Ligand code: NG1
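Just one chain follows, in the form predicted alone, and it is written as structure tokens.
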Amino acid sequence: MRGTAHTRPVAAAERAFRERFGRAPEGVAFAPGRVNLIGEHVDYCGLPVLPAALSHGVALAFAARRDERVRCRTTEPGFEEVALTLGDAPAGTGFGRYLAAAAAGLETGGWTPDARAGFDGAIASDLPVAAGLSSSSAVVIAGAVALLGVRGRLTPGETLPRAETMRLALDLAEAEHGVAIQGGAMDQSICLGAVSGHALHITFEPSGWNPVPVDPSRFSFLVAYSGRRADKAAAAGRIFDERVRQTREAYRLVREFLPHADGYPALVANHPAEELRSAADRLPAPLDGRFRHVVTEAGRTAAAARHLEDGDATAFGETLDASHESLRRDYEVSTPELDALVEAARSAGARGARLTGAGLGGSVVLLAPPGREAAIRADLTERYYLPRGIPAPAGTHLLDATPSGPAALLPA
């Protein structure tokens, strides 16, 4: 593990811990960010998604306390050190609410019923904040892994059985809803269930994680940050939650003339695509577009998983393009920056590109022909970043998205 890109945030977190607490940490929890390859704004409808874990992520160096307190600092500028008591309801706007959510999820799920020890900690990350790469959920997962470590539920290098990991993801997703947007469980599932070299085809009804190999000779993914924050604690979060409500209202109306459906997964499974598109046409605006995106994105996600398994990069890229157009037109979560970055990526030679994450700012994922990554990076720098006053995006705005492994507890 130490020989991977995890080294950067892990070393920074360990250094920050020593500076703050004057001793060495006892362990380090690492939680990866994620890029959602396709399946956007559908997990909260119970429909499948296809994300992959990044090698970039959040590291939390920690040492156990003898009481139920957590003290934690972060190396990210603009965030103050937090102090909280485990068991208190998550509150506030700082990153401490995500650590409180981690503790709440463990408690609700009965993960450490006989121990409530806290920790002193320091967080470092090499993910851009509010970039649509799940940095907030990574903090929740890192906090949970640290708490499992100090309470003796996990040891360095140990992994939970698959069924328990899936349950933990759902428990932490539910807890995070108390402090953040009302999304699904995609972020927590990929962070905990990732398989190196694979995307994860995640189903929610029924629950299942199916690793899909990503052939590096055919598929090379990059993430490009637009430079516009997708701040879900502000307007972006309000718009996101509005979209959740709109998809539910659209489904309620559709049930009036497709009454045998029971949830979006059953609706998609039991009605042909043409019938679903006709149903969208019967809805008032903007519910027609919201519904149309959800049901067509479900089809695109299934198709993309097949293209990945078949090694068909051309078809996969076309599916990315179609997803972005649906998110732009029907779901209305793109921005001028994201649209410009997608077009720049295509002009630079990407086989396809689309916004990834919730949109409303953040990042795009692009499919590069293997061996063309450096040329595309250089072209994007010239076409997109330099005209916007971003002189050196590599490593902060342009990230390699080789599918990586899951969250882990590391020795200090």
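On a predicted model such as this, the values are computed, not experimentally measured, just so you know. Start at 1 and count along the sequence shown; that's the residue number.
Note that the form predicted together with the named molecule isn't included here; everything after this is about it.
J.: Which residue among Trp209, Trp111, Tyr251, Phe240 has a heavy atom within 4.5 angstroms of the named molecule in the predicted complex?
T.: By the 4.5 Å heavy-atom cutoff, the listed residue in contact is Phe240.
J.: Please tell me which of Ser137, Ser226, Ser189, Ser323 lies within 4.5 Å of the named molecule in the predicted complex, judged by heavy atoms.
T.: Looking at the other structure, the residue within range turns out to be Ser137.
J.: Flag this candidate site as yes only if Glu40, Glu176 and Gly183 all have a heavy atom within 4.5 Å of the named molecule in the predicted complex; otherwise mark no.
T.: Yes, all three are in contact.
J.: Answer with yes or no whether Ala358 is in contact with the named molecule in the predicted complex, where contact means some heavy atom within 4.5 Å.
T.: Output for Ala358 is yes: heavy atoms within 4.5 Å of the named molecule.
J.: With a cut-off of 4.5 Å between heavy atoms, is Gly132 one of the residues that contacts the named molecule in the predicted complex?
T.: Taking the distances in the predicted complex, the answer for Gly132 is yes, it comes within 4.5 Å of the named molecule.
J.: Using a 4.5 angstroms cut-off on non-hydrogen atoms, would Tyr44 count as touching the named molecule in the predicted complex?
T.: It does: once the named molecule is placed as it appears in the predicted complex, Tyr44 has a heavy atom within 4.5 Å of it.
J.: Of 343 to 351, 50 to 58, 378 to 386, 32 to 40, which is the one stretch near the named molecule in the predicted complex, taking non-hydrogen atoms within 4.5 angstroms as near?
T.: Going through the listed ranges, the match is 32 to 40.
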